[in-house]
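Single chain ahead, written as structure tokens, the form predicted on its own.
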């Protein structure tokens, strides 16, 4: 047996927390739940590092460092958004003047959150056209002036968000401005760019970048504390977080992009439910004790709603997984309606034992390890990369453009931790841009693959 072929999955939520250790064949070797008396006053996600320490101690020798190759945490790093005083003050730079001035940054935001987060805001010349051509030279002097406004001694910012028009097609100006700001503000002020996640809407990309920047200092502190807990126990220093779509990504990325953890607990429970069912097409009914959520996987891929995620009414560029929620007082009938028409057996996870079979159509599965589904989903989660942007076709063939999109998605998955030898490409969605004068196509494609684990595959390559 390889010395590091076990994975620890941790699920830390607002009401409860649990953990598992999985072996090389994904068998459950150990389980742990947060003891009732471990956190009398705070919810488990109020002090994630303390909760993680308690869970790891409960797992015992099965989670000894010589056996563990990966630790994955399912937890939302967005708690400060509900306590605006805990959010960082953010300087906001938009690149694209004068074409992007009609809807300013922070449009539609809640007043209380805006008051806590908003720092200096500047709109400067620069950016690109939809096909990647330069629309206007970047106004470097204006960027430097913005940096000076952000570092005033009286009220300095703790983070900066930079978003350029059509940066998903050409991110050169966004990256150039980010370098200028990082040089001026120093390493303690994170600079978050809006073009990394893709998506066509400037405002949605900008909103996500601002929220990420507002959360980044707290997320960094939380993940450093969790990392210290792992280090104290000699565990591997490669910590992963669960993304809101159920895939996983490295902690250093999560520290810069904490918004990606929105919905991580339920998505992790869905992935765990699919794993426990042993089938690729299933409907997962997830009861966290407060509400029931229904979502589905088809051939292993989560069903998307086609909508974008909204956080506190703020529209972002994150894609929403299709989820139907039922309140606690209408669980049975609402759940029955939600699962109607969906393919595959029903898998009930976490606290879903209170749902009677009579209200649920079709085959119903109640796995023994259902209460640990979120932790199991974290441990078996795969890494993913997505491309969603406009491609200029020009002299190229359609097949060449699609191949480029597939390659970019695969590279993004590998950066997120996927094993390059085992990356799979999902459905390629193409939309012809008939309202622009040149030949363009919008392509959205997703790639996923198992995480390359330290001490097993990497060790074998040496």
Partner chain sequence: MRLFGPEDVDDLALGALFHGSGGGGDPYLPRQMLHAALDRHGPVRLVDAEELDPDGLVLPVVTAGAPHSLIEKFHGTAEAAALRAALEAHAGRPVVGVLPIQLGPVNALMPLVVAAQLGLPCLDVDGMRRTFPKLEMTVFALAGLPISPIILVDSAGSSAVLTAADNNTVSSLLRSCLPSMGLVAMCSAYLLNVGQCAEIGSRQALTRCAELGAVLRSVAPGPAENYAGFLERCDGRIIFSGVVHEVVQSLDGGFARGTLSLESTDGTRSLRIDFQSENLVATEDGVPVVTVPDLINLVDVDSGFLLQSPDVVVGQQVHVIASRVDPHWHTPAGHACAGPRAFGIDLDVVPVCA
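Numbering follows the first chain given and starts at 1. This structure is a prediction, so every number in the text was calculated from the model and none was measured.
Not pictured, yet referred to below: the form predicted in complex with the partner chain.
Undergrad: So the partner chain isn't shown here. In the predicted complex, which residue out of 299, 369, 304, 224 has a non-hydrogen atom within 4.5 Å of it?
TA: The residue in contact is 304.
Undergrad: Select from the listed residues 121, 390, 113, 125 the one whose heavy atoms reach within 4.5 Å of the partner chain in the predicted complex.
TA: Comparing distances to the partner chain in the predicted complex, the residue within 4.5 Å is 390.
Undergrad: Heavy atoms within 4.5 Å of the partner chain in the predicted complex: which of the stretches 227-235, 142-150, 178-186, 128-136 has them?
TA: Single hit among the candidates: 128-136.
Undergrad: In the predicted complex, does residue 164 have a heavy atom within 4.5 Å of the partner chain?
TA: Answer yes; at least one heavy atom of residue 164 falls within 4.5 Å of the partner chain in the predicted complex.
Undergrad: Taking the shortest heavy atom distance, is residue 411 within 4.5 Å of the partner chain in the predicted complex?
TA: Result no; residue 411 lies far from the partner chain in the predicted complex.
Undergrad: Taking the partner chain as it sits in the predicted complex, is residue 193 in contact with it (heavy atom to heavy atom, 4.5 Å or less)?
TA: No, no contact at 4.5 Å.
Undergrad: Spell out, yes or no, whether the shortest heavy atom distance between residue 98 and the partner chain in the predicted complex is within 4.5 Å.
TA: Although the partner chain is absent here, residue 98 would touch it in the predicted complex, with heavy atoms inside 4.5 Å.
Undergrad: Is any part of 260-294 within 4.5 angstroms of the partner chain in the predicted complex by a non-hydrogen atom, and which residues would that be?
TA: Stretch hits: zero.
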